[in-house]
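The chain below stands alone and is given as structure tokens, in the form predicted on its own.
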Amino acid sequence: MEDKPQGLLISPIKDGTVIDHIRAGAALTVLRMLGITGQTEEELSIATNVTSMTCGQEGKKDIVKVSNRELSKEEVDRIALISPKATINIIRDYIVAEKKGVETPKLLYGIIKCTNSGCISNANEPIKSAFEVTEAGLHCLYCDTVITTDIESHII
């Protein structure tokens, strides 16, 4: 029986962001949230369903590398909603300059679209949606709607 070959499958990036430990299958959602499409100019590397050893247990994860871009706090907050165990690595001149985990914020502004069509945040008012993150789900601060499932599809 042959051993599985080991090696680097994706080239390192000079400057940019590596998003690691994304929930398996969520990399394309992360790209959508970041506004990255086939029409944008970022250089990307995407790995999906990669074997991962987390806490001594084998599992799967996705990885996204984006060249020449460092994520904003709002973008990191969006990633935390779908992959709370993701890590963000800022790369400068091929070296990891910063490494941090994501944290689900307690308040979300302008990130989630309220499911209540009558909510003032869905009207043409000059306001951003506002949600509190609770154990029960995402609580709209305008109309008290609570979103408990399929949060990914409500991310703006």
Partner chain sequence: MKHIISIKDFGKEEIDSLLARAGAIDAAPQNQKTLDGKQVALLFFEPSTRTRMSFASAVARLGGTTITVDSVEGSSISKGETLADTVRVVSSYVDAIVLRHPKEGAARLASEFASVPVINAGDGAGQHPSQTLLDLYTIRQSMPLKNIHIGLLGDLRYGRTTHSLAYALSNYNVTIHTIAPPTLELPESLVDELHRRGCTVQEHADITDIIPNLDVIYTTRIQRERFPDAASYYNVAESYRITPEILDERKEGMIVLHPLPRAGEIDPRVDELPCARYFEQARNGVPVRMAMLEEVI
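The term rigid core refers to the most C-alpha atoms you can superpose between the two forms while keeping them within 1.5 Å. Numbering follows the first chain given and starts at 1. Please read these numbers as outputs of a predicted model, since none were measured by experiment.
Omitted from view is the form predicted in complex with the partner chain, to which the following refers.
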Which of 118-126, 41-49, 23-31, 100-108 has heavy atoms within 4.5 Å of the partner chain in the predicted complex? 118-126
After fitting the rigid core, is the C-alpha of I147 off by 2 Å or more between this form and the one not shown? no
Return yes or no for A27: a CA shift of at least 2 Å between this form and the one not shown, with the rigid core superposed? no
On a rigid core superposition, would A97 pass a 2 Å threshold for CA movement between this form and the one not shown? no
